[in-house]
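Two versions of one and the same chain are coming, encoded as C-alpha coordinates; call them structure 1 and structure 2.
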Structure 1
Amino acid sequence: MDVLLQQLFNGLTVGSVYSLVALGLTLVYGILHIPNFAHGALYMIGAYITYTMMSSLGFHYLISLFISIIVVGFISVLMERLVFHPLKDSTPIQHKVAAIGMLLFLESLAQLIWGADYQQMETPFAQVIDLFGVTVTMQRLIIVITAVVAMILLYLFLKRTYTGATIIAMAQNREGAHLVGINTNKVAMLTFFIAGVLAALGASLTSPINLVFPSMGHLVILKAFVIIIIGGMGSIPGAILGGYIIGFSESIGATYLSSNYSDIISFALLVIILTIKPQGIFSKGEA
(Lines of atoms letter the chains of each structure in order from A and count residues from 1; the text may use other names and numbers.)
(Lines give C-alpha, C1' and ligand atoms only; values in the text may rest on other atoms or scores of the structure.)
Protein backbone atom coordinates (compact mmCIF):
# COMPACT_ATOMS: atom_id res chain seq x y z
CA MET A 1 0.00 0.00 0.00
CA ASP A 2 1.54 3.28 -1.08
CA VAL A 3 0.93 5.83 1.66
CA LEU A 4 1.19 8.92 -0.51
CA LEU A 5 -1.36 7.58 -3.00
CA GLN A 6 -3.63 6.41 -0.22
CA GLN A 7 -3.41 9.74 1.54
CA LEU A 8 -4.03 11.65 -1.67
CA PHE A 9 -7.19 9.64 -2.10
CA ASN A 10 -8.22 10.23 1.50
CA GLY A 11 -7.62 13.92 0.93
CA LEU A 12 -9.76 13.77 -2.18
CA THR A 13 -12.63 12.25 -0.22
CA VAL A 14 -12.54 14.78 2.57
CA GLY A 15 -11.90 17.62 0.17
CA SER A 16 -15.03 16.75 -1.79
CA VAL A 17 -17.14 17.06 1.33
CA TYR A 18 -15.48 20.31 2.35
CA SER A 19 -16.12 21.74 -1.09
CA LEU A 20 -19.82 20.90 -0.96
CA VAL A 21 -20.27 22.59 2.39
CA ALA A 22 -18.15 25.57 1.40
CA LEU A 23 -20.16 26.01 -1.80
CA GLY A 24 -23.40 26.50 0.07
CA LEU A 25 -21.71 28.85 2.47
CA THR A 26 -20.22 30.93 -0.29
CA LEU A 27 -23.53 31.18 -2.15
CA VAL A 28 -25.36 32.39 0.91
CA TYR A 29 -22.54 34.76 1.66
CA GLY A 30 -22.97 36.16 -1.81
CA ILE A 31 -26.67 36.86 -1.23
CA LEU A 32 -26.55 38.02 2.35
CA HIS A 33 -23.03 39.27 2.59
CA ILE A 34 -22.94 37.57 5.93
CA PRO A 35 -21.19 34.40 6.98
CA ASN A 36 -24.00 32.02 7.88
CA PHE A 37 -22.70 30.38 11.03
CA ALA A 38 -25.86 28.27 11.12
CA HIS A 39 -24.74 26.48 7.98
CA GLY A 40 -22.85 23.93 10.06
CA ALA A 41 -26.05 23.15 11.94
CA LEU A 42 -27.82 22.45 8.64
CA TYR A 43 -25.02 20.06 7.82
CA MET A 44 -25.56 18.26 11.13
CA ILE A 45 -29.34 18.15 10.75
CA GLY A 46 -28.86 16.70 7.27
CA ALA A 47 -26.86 13.82 8.67
CA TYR A 48 -29.42 13.14 11.40
CA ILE A 49 -32.38 13.12 9.04
CA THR A 50 -30.71 10.59 6.76
CA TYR A 51 -29.80 8.57 9.82
CA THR A 52 -33.36 8.60 11.16
CA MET A 53 -34.85 7.70 7.79
CA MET A 54 -32.61 4.65 7.70
CA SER A 55 -32.66 3.52 11.31
CA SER A 56 -36.27 4.28 12.29
CA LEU A 57 -38.13 4.08 8.99
CA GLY A 58 -35.78 1.56 7.41
CA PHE A 59 -35.54 3.38 4.09
CA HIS A 60 -32.72 2.67 1.69
CA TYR A 61 -29.66 4.86 2.09
CA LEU A 62 -30.14 6.70 -1.18
CA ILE A 63 -33.83 7.35 -0.54
CA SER A 64 -33.05 8.64 2.93
CA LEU A 65 -30.35 10.85 1.49
CA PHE A 66 -32.78 12.29 -1.03
CA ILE A 67 -35.43 13.00 1.61
CA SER A 68 -32.78 14.57 3.82
CA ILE A 69 -31.52 17.03 1.23
CA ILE A 70 -35.04 18.14 0.39
CA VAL A 71 -36.04 18.60 4.02
CA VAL A 72 -32.89 20.49 4.93
CA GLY A 73 -33.31 22.57 1.81
CA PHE A 74 -36.65 23.70 3.17
CA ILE A 75 -35.36 24.23 6.69
CA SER A 76 -32.75 26.48 5.13
CA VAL A 77 -35.42 28.40 3.22
CA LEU A 78 -37.39 28.73 6.44
CA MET A 79 -34.35 30.20 8.11
CA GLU A 80 -34.09 32.81 5.35
CA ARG A 81 -37.75 33.73 5.69
CA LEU A 82 -37.86 33.91 9.46
CA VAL A 83 -34.45 35.27 10.32
CA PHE A 84 -32.44 36.79 7.53
CA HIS A 85 -35.25 38.30 5.50
CA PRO A 86 -36.43 40.48 8.39
CA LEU A 87 -32.80 41.50 8.88
CA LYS A 88 -32.14 42.35 5.26
CA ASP A 89 -31.25 45.97 5.89
CA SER A 90 -29.44 45.77 9.19
CA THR A 91 -25.80 45.73 10.14
CA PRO A 92 -23.33 42.87 9.51
CA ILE A 93 -22.89 42.24 13.22
CA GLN A 94 -26.62 41.69 13.64
CA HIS A 95 -26.56 39.14 10.83
CA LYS A 96 -23.68 37.24 12.36
CA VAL A 97 -25.29 37.19 15.78
CA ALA A 98 -28.64 36.05 14.40
CA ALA A 99 -26.89 33.23 12.59
CA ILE A 100 -25.06 32.20 15.75
CA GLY A 101 -28.38 32.19 17.57
CA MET A 102 -29.79 29.77 15.01
CA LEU A 103 -26.70 27.59 15.30
CA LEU A 104 -27.05 27.27 19.08
CA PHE A 105 -30.76 26.60 18.74
CA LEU A 106 -30.53 23.89 16.10
CA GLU A 107 -27.76 22.13 17.98
CA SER A 108 -29.64 21.83 21.24
CA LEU A 109 -32.73 20.90 19.26
CA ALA A 110 -30.82 18.04 17.66
CA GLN A 111 -29.66 16.97 21.10
CA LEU A 112 -33.19 17.07 22.39
CA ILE A 113 -34.43 14.87 19.56
CA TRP A 114 -31.55 12.49 18.92
CA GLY A 115 -29.55 12.62 22.14
CA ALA A 116 -25.94 13.61 22.60
CA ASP A 117 -24.19 10.32 21.90
CA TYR A 118 -22.39 9.21 18.77
CA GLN A 119 -24.62 7.55 16.20
CA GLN A 120 -23.29 5.62 13.31
CA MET A 121 -24.84 5.30 9.88
CA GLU A 122 -24.93 2.11 7.86
CA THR A 123 -24.24 2.17 4.15
CA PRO A 124 -25.08 -0.41 1.49
CA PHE A 125 -21.84 0.56 -0.21
CA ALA A 126 -19.36 -0.75 2.35
CA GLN A 127 -17.55 -2.97 -0.16
CA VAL A 128 -13.81 -2.56 -0.15
CA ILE A 129 -12.13 -2.19 -3.50
CA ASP A 130 -8.42 -2.15 -4.13
CA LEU A 131 -7.37 0.19 -6.93
CA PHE A 132 -3.65 -0.24 -7.65
CA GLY A 133 -2.57 -0.44 -4.03
CA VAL A 134 -5.06 2.18 -2.83
CA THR A 135 -7.81 0.95 -0.54
CA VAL A 136 -11.08 2.44 -1.66
CA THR A 137 -14.47 1.70 -0.21
CA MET A 138 -17.46 2.04 -2.52
CA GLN A 139 -18.86 4.74 -0.25
CA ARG A 140 -15.77 6.86 -0.74
CA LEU A 141 -15.93 6.56 -4.50
CA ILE A 142 -19.55 7.64 -4.32
CA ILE A 143 -18.62 10.66 -2.21
CA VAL A 144 -16.06 11.86 -4.70
CA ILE A 145 -18.16 11.26 -7.80
CA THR A 146 -21.40 12.72 -6.40
CA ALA A 147 -19.59 15.79 -5.15
CA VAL A 148 -17.93 16.47 -8.48
CA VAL A 149 -21.18 16.01 -10.40
CA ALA A 150 -23.06 18.28 -8.00
CA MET A 151 -20.45 20.99 -8.40
CA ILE A 152 -20.46 20.84 -12.19
CA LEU A 153 -24.24 21.09 -12.27
CA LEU A 154 -24.24 24.04 -9.91
CA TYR A 155 -21.57 25.83 -11.87
CA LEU A 156 -23.47 25.42 -15.13
CA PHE A 157 -26.64 26.58 -13.43
CA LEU A 158 -25.05 29.80 -12.24
CA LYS A 159 -23.03 30.52 -15.36
CA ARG A 160 -25.34 29.42 -18.13
CA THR A 161 -28.83 30.22 -16.90
CA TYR A 162 -30.50 33.58 -16.33
CA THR A 163 -31.96 32.28 -13.08
CA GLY A 164 -28.45 31.50 -11.92
CA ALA A 165 -27.28 34.95 -12.89
CA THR A 166 -30.05 36.53 -10.83
CA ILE A 167 -28.46 35.03 -7.74
CA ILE A 168 -25.26 36.85 -8.45
CA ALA A 169 -27.06 40.04 -9.46
CA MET A 170 -29.07 40.11 -6.29
CA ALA A 171 -25.95 39.46 -4.28
CA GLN A 172 -24.64 42.78 -5.51
CA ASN A 173 -27.66 45.03 -5.23
CA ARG A 174 -31.04 43.97 -3.89
CA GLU A 175 -32.96 47.02 -5.12
CA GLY A 176 -31.10 46.96 -8.42
CA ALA A 177 -32.39 43.44 -8.87
CA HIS A 178 -35.91 44.66 -8.06
CA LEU A 179 -35.61 47.34 -10.70
CA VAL A 180 -34.75 44.91 -13.49
CA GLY A 181 -37.74 42.79 -12.57
CA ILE A 182 -36.16 40.05 -10.50
CA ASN A 183 -38.28 38.67 -7.67
CA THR A 184 -35.61 38.92 -5.03
CA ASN A 185 -37.55 36.90 -2.47
CA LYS A 186 -37.68 33.95 -4.83
CA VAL A 187 -33.96 34.27 -5.52
CA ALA A 188 -33.07 34.45 -1.84
CA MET A 189 -35.16 31.39 -1.09
CA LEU A 190 -33.72 29.53 -4.06
CA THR A 191 -30.19 30.26 -2.88
CA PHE A 192 -30.87 29.11 0.63
CA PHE A 193 -32.52 26.00 -0.72
CA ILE A 194 -29.44 25.15 -2.76
CA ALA A 195 -27.19 25.83 0.21
CA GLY A 196 -29.27 23.57 2.44
CA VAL A 197 -29.24 20.82 -0.17
CA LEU A 198 -25.47 20.99 -0.52
CA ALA A 199 -24.94 20.90 3.24
CA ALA A 200 -27.24 17.90 3.69
CA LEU A 201 -25.66 16.15 0.73
CA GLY A 202 -22.17 16.60 2.11
CA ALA A 203 -23.20 15.40 5.55
CA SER A 204 -25.19 12.40 4.36
CA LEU A 205 -22.38 11.31 2.08
CA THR A 206 -19.68 11.50 4.70
CA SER A 207 -21.63 10.18 7.71
CA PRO A 208 -21.24 6.47 6.87
CA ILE A 209 -17.46 6.82 7.02
CA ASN A 210 -17.68 8.94 10.13
CA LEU A 211 -20.03 9.50 13.06
CA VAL A 212 -23.21 11.45 13.64
CA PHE A 213 -23.40 13.68 16.71
CA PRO A 214 -24.79 17.12 17.58
CA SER A 215 -21.53 19.01 17.36
CA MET A 216 -20.38 17.32 14.14
CA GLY A 217 -20.89 20.58 12.24
CA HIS A 218 -18.50 22.71 14.27
CA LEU A 219 -15.19 21.93 12.75
CA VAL A 220 -16.55 21.38 9.27
CA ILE A 221 -18.13 24.81 9.20
CA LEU A 222 -15.00 26.44 10.57
CA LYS A 223 -12.98 24.80 7.83
CA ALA A 224 -15.63 25.80 5.28
CA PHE A 225 -15.04 29.39 6.34
CA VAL A 226 -11.33 28.97 5.95
CA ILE A 227 -12.03 27.60 2.50
CA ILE A 228 -14.26 30.40 1.27
CA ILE A 229 -11.82 32.98 2.53
CA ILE A 230 -8.95 31.27 0.79
CA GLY A 231 -11.15 30.95 -2.27
CA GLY A 232 -12.45 34.48 -2.00
CA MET A 233 -15.80 35.10 -0.33
CA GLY A 234 -18.64 34.53 -2.77
CA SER A 235 -16.44 32.84 -5.35
CA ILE A 236 -17.75 29.50 -6.62
CA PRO A 237 -14.56 28.16 -8.19
CA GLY A 238 -12.68 29.45 -5.18
CA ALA A 239 -14.81 27.38 -2.83
CA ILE A 240 -14.30 24.20 -4.84
CA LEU A 241 -10.57 24.69 -5.21
CA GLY A 242 -10.20 25.73 -1.58
CA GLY A 243 -12.06 22.64 -0.46
CA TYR A 244 -9.59 20.33 -2.12
CA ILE A 245 -6.60 22.40 -1.04
CA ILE A 246 -7.64 21.95 2.58
CA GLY A 247 -8.55 18.30 2.07
CA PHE A 248 -5.14 17.44 0.67
CA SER A 249 -3.10 19.61 3.00
CA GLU A 250 -4.79 17.87 5.93
CA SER A 251 -4.21 14.29 4.84
CA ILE A 252 -0.69 15.05 3.68
CA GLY A 253 -0.01 17.17 6.73
CA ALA A 254 -1.20 14.38 9.01
CA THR A 255 1.30 12.08 7.31
CA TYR A 256 4.39 14.19 7.06
CA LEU A 257 3.91 16.73 9.86
CA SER A 258 1.88 15.72 12.91
CA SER A 259 -1.50 14.05 13.07
CA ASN A 260 -2.17 15.64 16.45
CA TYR A 261 -1.95 19.11 14.97
CA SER A 262 -3.62 18.29 11.66
CA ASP A 263 -6.64 20.40 12.64
CA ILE A 264 -4.44 23.40 13.10
CA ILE A 265 -2.99 23.07 9.60
CA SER A 266 -5.97 24.55 7.80
CA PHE A 267 -6.31 27.40 10.27
CA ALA A 268 -2.64 28.14 10.20
CA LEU A 269 -2.91 28.15 6.43
CA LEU A 270 -5.67 30.74 6.65
CA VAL A 271 -3.84 32.94 9.11
CA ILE A 272 -0.80 32.91 6.86
CA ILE A 273 -2.83 33.71 3.76
CA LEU A 274 -4.81 36.55 5.29
CA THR A 275 -1.62 37.89 6.75
CA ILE A 276 -0.15 38.17 3.29
CA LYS A 277 -3.34 38.95 1.39
CA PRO A 278 -6.06 40.41 3.64
CA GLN A 279 -8.70 40.01 0.94
CA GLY A 280 -8.08 36.31 0.31
CA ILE A 281 -6.21 34.81 -2.62
CA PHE A 282 -8.77 34.68 -5.38
CA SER A 283 -10.75 37.59 -3.97
CA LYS A 284 -11.33 38.89 -7.51
CA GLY A 285 -12.82 35.54 -8.50
CA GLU A 286 -16.46 36.63 -8.59
CA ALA A 287 -18.44 33.68 -9.90
Structure 2
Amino acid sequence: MDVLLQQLFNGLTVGSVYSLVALGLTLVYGILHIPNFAHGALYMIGAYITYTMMSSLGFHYLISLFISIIVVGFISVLMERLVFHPLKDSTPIQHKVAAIGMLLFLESLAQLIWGADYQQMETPFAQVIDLFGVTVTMQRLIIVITAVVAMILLYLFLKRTYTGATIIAMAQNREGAHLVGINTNKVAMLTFFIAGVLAALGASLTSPINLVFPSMGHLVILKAFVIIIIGGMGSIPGAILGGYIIGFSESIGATYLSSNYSDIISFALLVIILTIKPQGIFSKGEA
Protein backbone atom coordinates (compact mmCIF):
# COMPACT_ATOMS: atom_id res chain seq x y z
CA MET A 1 0.00 0.00 0.00
CA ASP A 2 2.86 2.38 0.83
CA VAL A 3 4.40 1.74 -2.59
CA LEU A 4 1.05 2.38 -4.29
CA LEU A 5 0.54 5.67 -2.43
CA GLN A 6 4.07 6.72 -3.29
CA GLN A 7 3.51 6.02 -6.98
CA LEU A 8 0.15 7.77 -6.96
CA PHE A 9 1.83 10.90 -5.65
CA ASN A 10 4.57 10.56 -8.27
CA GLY A 11 1.84 10.23 -10.89
CA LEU A 12 0.18 13.34 -9.51
CA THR A 13 3.48 15.21 -9.86
CA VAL A 14 4.14 14.07 -13.43
CA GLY A 15 0.51 14.55 -14.43
CA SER A 16 0.54 18.13 -13.13
CA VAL A 17 3.46 19.03 -15.40
CA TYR A 18 1.92 17.20 -18.37
CA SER A 19 -1.36 19.05 -17.86
CA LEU A 20 0.35 22.46 -17.77
CA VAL A 21 2.18 21.81 -21.04
CA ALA A 22 -0.89 20.27 -22.69
CA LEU A 23 -3.04 23.23 -21.65
CA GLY A 24 -0.79 25.66 -23.51
CA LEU A 25 -0.72 23.39 -26.54
CA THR A 26 -4.50 22.98 -26.66
CA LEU A 27 -5.06 26.74 -26.30
CA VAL A 28 -2.82 27.41 -29.29
CA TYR A 29 -4.53 24.65 -31.24
CA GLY A 30 -7.86 26.28 -30.52
CA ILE A 31 -6.64 29.53 -32.10
CA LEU A 32 -4.58 28.26 -35.05
CA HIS A 33 -6.20 24.85 -35.54
CA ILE A 34 -2.75 23.43 -36.20
CA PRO A 35 -0.35 21.57 -33.89
CA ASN A 36 2.42 23.83 -32.59
CA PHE A 37 5.45 21.55 -32.61
CA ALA A 38 7.59 24.42 -31.30
CA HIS A 39 5.78 24.31 -27.94
CA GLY A 40 8.29 21.75 -26.67
CA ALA A 41 11.12 24.16 -27.51
CA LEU A 42 9.46 26.86 -25.39
CA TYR A 43 9.38 24.34 -22.54
CA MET A 44 13.11 23.76 -22.97
CA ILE A 45 13.93 27.49 -23.18
CA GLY A 46 11.97 28.09 -19.97
CA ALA A 47 14.09 25.54 -18.12
CA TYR A 48 17.34 27.04 -19.43
CA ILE A 49 16.38 30.60 -18.49
CA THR A 50 15.53 29.54 -14.94
CA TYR A 51 18.79 27.60 -14.75
CA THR A 52 20.82 30.57 -16.04
CA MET A 53 19.18 33.07 -13.67
CA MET A 54 20.12 30.83 -10.74
CA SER A 55 23.56 29.53 -11.72
CA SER A 56 25.03 32.57 -13.50
CA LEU A 57 23.24 35.55 -11.93
CA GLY A 58 22.62 34.10 -8.47
CA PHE A 59 18.89 34.82 -8.35
CA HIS A 60 16.61 32.90 -6.01
CA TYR A 61 14.72 29.99 -7.57
CA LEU A 62 11.33 31.70 -7.30
CA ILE A 63 12.60 34.95 -8.86
CA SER A 64 14.28 32.96 -11.63
CA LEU A 65 11.03 31.09 -12.28
CA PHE A 66 9.08 34.36 -12.54
CA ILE A 67 11.61 35.85 -14.97
CA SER A 68 11.51 32.67 -17.04
CA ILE A 69 7.74 32.59 -17.49
CA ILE A 70 7.65 36.28 -18.49
CA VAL A 71 10.53 35.95 -20.98
CA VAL A 72 9.18 32.76 -22.56
CA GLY A 73 5.72 34.32 -22.71
CA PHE A 74 7.10 37.16 -24.82
CA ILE A 75 9.15 34.75 -26.96
CA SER A 76 5.91 32.90 -27.64
CA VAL A 77 4.21 36.17 -28.65
CA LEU A 78 7.11 36.99 -31.00
CA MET A 79 6.73 33.54 -32.52
CA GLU A 80 3.07 34.21 -33.20
CA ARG A 81 3.73 37.67 -34.68
CA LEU A 82 6.76 36.80 -36.79
CA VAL A 83 6.03 33.23 -37.83
CA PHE A 84 2.38 32.21 -37.54
CA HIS A 85 0.55 35.51 -38.12
CA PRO A 86 2.04 36.05 -41.61
CA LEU A 87 0.91 32.50 -42.46
CA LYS A 88 -2.67 32.90 -41.22
CA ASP A 89 -4.10 32.54 -44.75
CA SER A 90 -1.72 29.74 -45.70
CA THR A 91 -2.37 26.02 -45.86
CA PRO A 92 -2.08 23.89 -42.68
CA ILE A 93 1.06 22.17 -43.97
CA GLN A 94 2.86 25.53 -44.10
CA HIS A 95 1.99 26.17 -40.44
CA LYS A 96 3.36 22.76 -39.52
CA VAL A 97 6.59 23.30 -41.44
CA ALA A 98 6.99 26.71 -39.78
CA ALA A 99 6.43 25.18 -36.31
CA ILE A 100 9.00 22.45 -36.96
CA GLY A 101 11.40 25.10 -38.22
CA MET A 102 10.98 27.10 -35.01
CA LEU A 103 11.54 23.94 -32.97
CA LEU A 104 14.83 23.24 -34.74
CA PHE A 105 15.90 26.89 -34.57
CA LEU A 106 15.29 27.22 -30.82
CA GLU A 107 17.00 23.91 -30.08
CA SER A 108 20.05 24.90 -32.15
CA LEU A 109 20.12 28.29 -30.44
CA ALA A 110 20.00 26.64 -27.01
CA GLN A 111 22.82 24.30 -27.95
CA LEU A 112 24.87 27.25 -29.20
CA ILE A 113 24.34 29.26 -26.01
CA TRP A 114 24.37 26.56 -23.32
CA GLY A 115 26.05 23.63 -25.06
CA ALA A 116 24.83 20.06 -25.43
CA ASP A 117 25.78 18.87 -21.93
CA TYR A 118 23.17 17.92 -19.36
CA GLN A 119 22.76 20.49 -16.59
CA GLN A 120 21.47 20.01 -13.05
CA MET A 121 19.30 22.74 -11.56
CA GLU A 122 19.47 23.27 -7.82
CA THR A 123 16.41 23.95 -5.67
CA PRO A 124 16.05 25.52 -2.21
CA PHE A 125 13.13 23.15 -1.62
CA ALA A 126 14.98 19.86 -1.34
CA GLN A 127 13.62 19.02 2.11
CA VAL A 128 12.00 15.61 2.50
CA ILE A 129 8.72 15.44 4.42
CA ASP A 130 6.32 12.70 5.43
CA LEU A 131 2.81 13.37 4.12
CA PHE A 132 0.17 10.87 5.27
CA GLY A 133 2.74 8.08 5.23
CA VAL A 134 4.15 9.08 1.83
CA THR A 135 7.72 10.39 1.63
CA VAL A 136 7.85 13.41 -0.67
CA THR A 137 10.22 16.28 -1.36
CA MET A 138 9.07 19.86 -0.98
CA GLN A 139 9.85 20.43 -4.67
CA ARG A 140 7.36 17.75 -5.76
CA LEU A 141 4.74 19.15 -3.40
CA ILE A 142 5.31 22.63 -4.84
CA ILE A 143 4.90 21.23 -8.37
CA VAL A 144 1.48 19.79 -7.54
CA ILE A 145 0.21 22.82 -5.61
CA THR A 146 1.49 25.37 -8.14
CA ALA A 147 0.10 23.44 -11.11
CA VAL A 148 -3.34 23.07 -9.52
CA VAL A 149 -3.45 26.77 -8.59
CA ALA A 150 -2.36 27.74 -12.12
CA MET A 151 -5.08 25.56 -13.67
CA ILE A 152 -7.75 26.99 -11.37
CA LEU A 153 -6.66 30.56 -12.16
CA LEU A 154 -6.70 29.79 -15.90
CA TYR A 155 -10.18 28.30 -15.64
CA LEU A 156 -11.47 31.34 -13.75
CA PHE A 157 -9.82 33.68 -16.26
CA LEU A 158 -11.41 31.93 -19.22
CA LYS A 159 -14.86 31.50 -17.68
CA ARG A 160 -15.26 34.64 -15.55
CA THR A 161 -13.59 37.45 -17.53
CA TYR A 162 -14.48 39.16 -20.79
CA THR A 163 -10.96 38.65 -22.14
CA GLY A 164 -11.13 34.95 -21.38
CA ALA A 165 -14.50 34.75 -23.11
CA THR A 166 -12.96 36.27 -26.25
CA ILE A 167 -10.35 33.48 -26.30
CA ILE A 168 -13.06 30.83 -26.09
CA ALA A 169 -15.13 32.63 -28.74
CA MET A 170 -12.18 32.86 -31.10
CA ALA A 171 -11.34 29.20 -30.57
CA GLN A 172 -14.89 28.26 -31.53
CA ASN A 173 -15.15 30.52 -34.58
CA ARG A 174 -12.37 32.94 -35.53
CA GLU A 175 -14.29 34.63 -38.34
CA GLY A 176 -17.40 34.99 -36.21
CA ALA A 177 -15.36 36.49 -33.37
CA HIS A 178 -13.87 39.04 -35.77
CA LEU A 179 -17.33 39.97 -37.11
CA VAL A 180 -18.66 40.79 -33.64
CA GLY A 181 -15.76 43.16 -32.97
CA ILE A 182 -13.20 40.99 -31.18
CA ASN A 183 -9.61 41.97 -31.96
CA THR A 184 -8.40 38.56 -33.13
CA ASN A 185 -4.76 39.69 -33.34
CA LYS A 186 -4.67 40.71 -29.67
CA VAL A 187 -6.46 37.53 -28.62
CA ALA A 188 -3.96 35.41 -30.59
CA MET A 189 -1.03 37.23 -28.95
CA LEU A 190 -2.53 36.81 -25.48
CA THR A 191 -3.17 33.11 -26.10
CA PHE A 192 0.42 32.53 -27.18
CA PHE A 193 1.64 34.46 -24.14
CA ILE A 194 -0.40 32.22 -21.82
CA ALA A 195 0.85 29.12 -23.64
CA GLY A 196 4.46 30.25 -23.24
CA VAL A 197 3.92 31.00 -19.54
CA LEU A 198 2.44 27.53 -18.94
CA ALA A 199 5.30 25.81 -20.81
CA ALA A 200 7.97 27.73 -18.88
CA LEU A 201 6.17 27.15 -15.59
CA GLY A 202 6.02 23.40 -16.18
CA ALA A 203 9.68 23.24 -17.18
CA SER A 204 10.91 25.41 -14.29
CA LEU A 205 8.95 23.38 -11.76
CA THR A 206 10.13 19.95 -12.93
CA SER A 207 13.74 20.73 -13.92
CA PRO A 208 15.12 20.60 -10.34
CA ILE A 209 14.10 16.92 -10.16
CA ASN A 210 15.23 16.16 -13.72
CA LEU A 211 17.98 17.42 -16.03
CA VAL A 212 18.14 20.39 -18.40
CA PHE A 213 19.33 19.73 -21.97
CA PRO A 214 18.51 21.00 -25.50
CA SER A 215 16.24 18.12 -26.54
CA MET A 216 14.35 17.86 -23.24
CA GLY A 217 11.16 19.09 -24.90
CA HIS A 218 10.90 16.22 -27.40
CA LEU A 219 9.30 13.58 -25.19
CA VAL A 220 7.23 16.15 -23.31
CA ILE A 221 5.66 17.55 -26.48
CA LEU A 222 4.95 14.04 -27.75
CA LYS A 223 3.18 13.27 -24.49
CA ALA A 224 1.33 16.61 -24.70
CA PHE A 225 0.01 15.70 -28.16
CA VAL A 226 -1.10 12.31 -26.85
CA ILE A 227 -2.86 14.07 -23.97
CA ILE A 228 -4.79 16.59 -26.06
CA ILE A 229 -5.82 13.87 -28.51
CA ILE A 230 -7.02 11.67 -25.65
CA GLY A 231 -8.81 14.57 -23.98
CA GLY A 232 -10.23 16.00 -27.20
CA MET A 233 -8.44 18.45 -29.48
CA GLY A 234 -8.99 21.98 -28.21
CA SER A 235 -10.65 20.89 -24.95
CA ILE A 236 -9.29 22.49 -21.77
CA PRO A 237 -10.90 19.98 -19.35
CA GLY A 238 -9.66 17.23 -21.66
CA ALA A 239 -6.06 18.50 -21.47
CA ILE A 240 -6.17 18.51 -17.67
CA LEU A 241 -7.82 15.11 -17.34
CA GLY A 242 -5.62 13.59 -20.05
CA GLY A 243 -2.48 14.86 -18.32
CA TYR A 244 -3.37 13.16 -15.06
CA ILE A 245 -4.48 9.95 -16.80
CA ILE A 246 -1.08 9.69 -18.48
CA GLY A 247 0.79 10.69 -15.32
CA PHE A 248 -0.90 8.09 -13.11
CA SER A 249 -0.70 5.38 -15.77
CA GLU A 250 3.02 5.87 -16.36
CA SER A 251 3.87 5.98 -12.67
CA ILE A 252 1.87 2.89 -11.73
CA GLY A 253 2.90 1.04 -14.89
CA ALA A 254 6.59 1.72 -14.25
CA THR A 255 6.23 0.19 -10.78
CA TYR A 256 4.11 -2.87 -11.45
CA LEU A 257 5.23 -3.62 -15.02
CA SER A 258 8.60 -2.12 -15.89
CA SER A 259 10.09 1.35 -16.15
CA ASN A 260 11.08 0.42 -19.71
CA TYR A 261 7.40 0.48 -20.64
CA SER A 262 6.48 3.83 -19.06
CA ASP A 263 6.61 5.77 -22.34
CA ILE A 264 4.83 3.03 -24.30
CA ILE A 265 1.90 3.15 -21.87
CA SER A 266 0.94 6.64 -23.09
CA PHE A 267 0.59 5.53 -26.69
CA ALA A 268 -1.18 2.31 -25.72
CA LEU A 269 -3.74 4.39 -23.82
CA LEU A 270 -4.11 6.64 -26.86
CA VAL A 271 -5.06 3.66 -29.05
CA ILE A 272 -7.45 2.21 -26.45
CA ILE A 273 -9.28 5.48 -25.70
CA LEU A 274 -9.58 6.48 -29.37
CA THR A 275 -10.98 3.05 -30.16
CA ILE A 276 -13.74 3.68 -27.62
CA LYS A 277 -14.15 7.45 -28.19
CA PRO A 278 -12.66 8.55 -31.54
CA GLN A 279 -13.28 12.24 -30.76
CA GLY A 280 -11.44 12.01 -27.44
CA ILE A 281 -12.92 12.12 -23.94
CA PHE A 282 -14.22 15.67 -24.42
CA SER A 283 -15.22 17.30 -27.68
CA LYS A 284 -13.92 20.77 -28.47
CA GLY A 285 -17.32 22.22 -27.86
CA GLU A 286 -17.10 21.24 -24.19
CA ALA A 287 -13.89 23.26 -23.68
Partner chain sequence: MLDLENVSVKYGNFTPVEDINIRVDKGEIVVLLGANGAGKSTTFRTISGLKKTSAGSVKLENEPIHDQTPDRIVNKGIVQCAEDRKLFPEMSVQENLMMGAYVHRKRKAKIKQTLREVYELFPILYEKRKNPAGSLSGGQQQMLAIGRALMSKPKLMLLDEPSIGLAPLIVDQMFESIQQINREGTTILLAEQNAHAALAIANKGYVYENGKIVVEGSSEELFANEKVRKAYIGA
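Each form is matched to the other, and the largest set of C-alpha atoms that superpose within 1.5 Å is called the rigid core. A quick note: this is a predicted structure, and the numbers were derived from the prediction, not measured. By convention here, residues take numbers in order along the sequence of structure 1, the first being 1.
Only structure 1 is derived from the form predicted in complex with the partner chain. Core-superposed comparison between the two structures: CA of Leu12 displaced by less than 2 Å. For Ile273, the CA shift between the two structures after superposing the rigid core equals 2.7 Å.
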